[in-house]
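Below sits a lone chain in C-alpha cells, taken as the form predicted on its own.
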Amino acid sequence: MSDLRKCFSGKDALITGGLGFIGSNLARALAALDARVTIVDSLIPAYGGNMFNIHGIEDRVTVNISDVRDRSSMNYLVRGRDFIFNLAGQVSHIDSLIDPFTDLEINCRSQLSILEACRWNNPGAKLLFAGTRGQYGKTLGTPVTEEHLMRPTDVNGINKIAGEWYHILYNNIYGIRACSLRLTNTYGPRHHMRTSRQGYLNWFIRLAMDDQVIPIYGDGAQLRDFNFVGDVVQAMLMAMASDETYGQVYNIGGGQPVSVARTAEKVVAVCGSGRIERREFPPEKKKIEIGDYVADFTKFREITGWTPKITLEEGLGLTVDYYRANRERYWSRGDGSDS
C-alpha cells in the first residue's frame, strides 16, 4: 500500500463508468490513496451507475455526468489526467445480441474516441482497459492463457476484443501507455442488482436473499473462477503503478475454479435462504454458453506480484452483509425484467 500511495497520491485519476460496480470501488480505493479522482458516468439505468455507490466519499471525488460516446466531452475530460481507468462499457452478452449497434458504439467506437482524445489532448496519460473473459468464447481447455485463441460467442466479445486492441495499438504506434486486464466473474458490493444481465452471481445472491429459486441450467457442472471486487481493484492499481505492464494484456483470475451448481450451493449456505432448481437451458443462453473457463494469471502475477486474497466464501459473506445493510439502494421490482 505504501508503494501505491507513493504512485497515486496527489495524482489526477479519471474513471470512466465510475459510478458503476468496479468503477466506484476503484474510486474509493484511489480516494483512500489521496488521488484526485474524477468520475465519468452516463447514469443510464440499465448499465449499473448508482450515486449511492460513492456514499461517504462524495467530498473526495468529482462526478461528471457524461457519456463516453460524447467525443467533445471526452476531449475535455482527458486533459491533465495522470491515469485513466477506462471501465465504461456495455457488459451484457444477451443485450449485445439484441442491440448490437449500441454495444458497438460503447465497447468499440467510444474506445477509439477516448484514445484519440488522449492522442490530441493528453498523450502522456496512462490508460487501463477493462477486458473480459468473454473475448475467449468457448475455450479449448483450461486454464486459459493470454495466448489462447479468441473466438467469442457473442457481439460483446467481438467488440471488447476491438476495444482492447485499439489500446494496444495506440500504445505501440503513438506511445500512449496502455494495458488491458481481462477480467473473469467479478462480484462484490455495489453491483447492479436489478437484473441478471450483468453477471449471474449477483443475481444468485439476490434470489437467495429474497428466498427465491436459483435456476441452474443444464447440469451446472461448468467451471468458473471468481474475483472479489477488492482483489480486482488491487490488480488495476498495481497494473497502473508498474511501467512494465504497458502494451500488454493480462488475465485476472480467482485461482479457485468452482462449478456453477456448487456456486449456487455456497450462495444459499451464506444467505441461509433460497433454493436451487435444475432447468433446461433457454435457447438464447444455450447459444452463447462457453463451457468451462478458468484463467491462468501467471503472466500478471510474475510482473506485479498480484494474487487474489479473498476466497469465494469470504467474498460472498462480505457481499451479502453489504446488501443486507443497503438493500433498498439496489433492489427494484425483483422480476429481472427491467433493463
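Residue positions are given as counts along the sequence shown, with the first one as 1. Everything quoted here is computed from the prediction, not taken from an experiment.
Another form exists, predicted together with another copy of the chain; not displayed. Remarks below refer to it.
Not displayed here, another copy of the chain is approached by residue 152 to within 4.5 Å at the level of heavy atoms in the model of the complex. In the model of the complex, none of the heavy atoms of residue 132 sits within 4.5 Å of a heavy atom of another copy of the chain. In the model of the complex, another copy of the chain stays beyond 4.5 Å of every heavy atom belonging to residue 246.
Heavy atoms of residue 268 never reach within 4.5 Å of another copy of the chain in the model of the complex, leaving it off the interface. Judged against another copy of the chain in the model of the complex with a 4.5 angstroms heavy atom cut-off, the residues 278, 320 and 331 are out of contact without exception. Contact with another copy of the chain in the model of the complex, judged as any non-hydrogen atom within 4.5 angstroms, is confined among 257-265, 81-89, 207-215, 171-179 to 171-179. Note on the partner interface in the model of the complex: the residue among 234, 196, 122, 113 having a heavy atom within 4.5 angstroms of another copy of the chain is 113.
In sequence order, 159, 161, 162, 165, 166, 169, 170, 173, 174 are the residues of 159-193 having a heavy atom within 4.5 Å of another copy of the chain in the model of the complex; the partner itself is omitted from this view.
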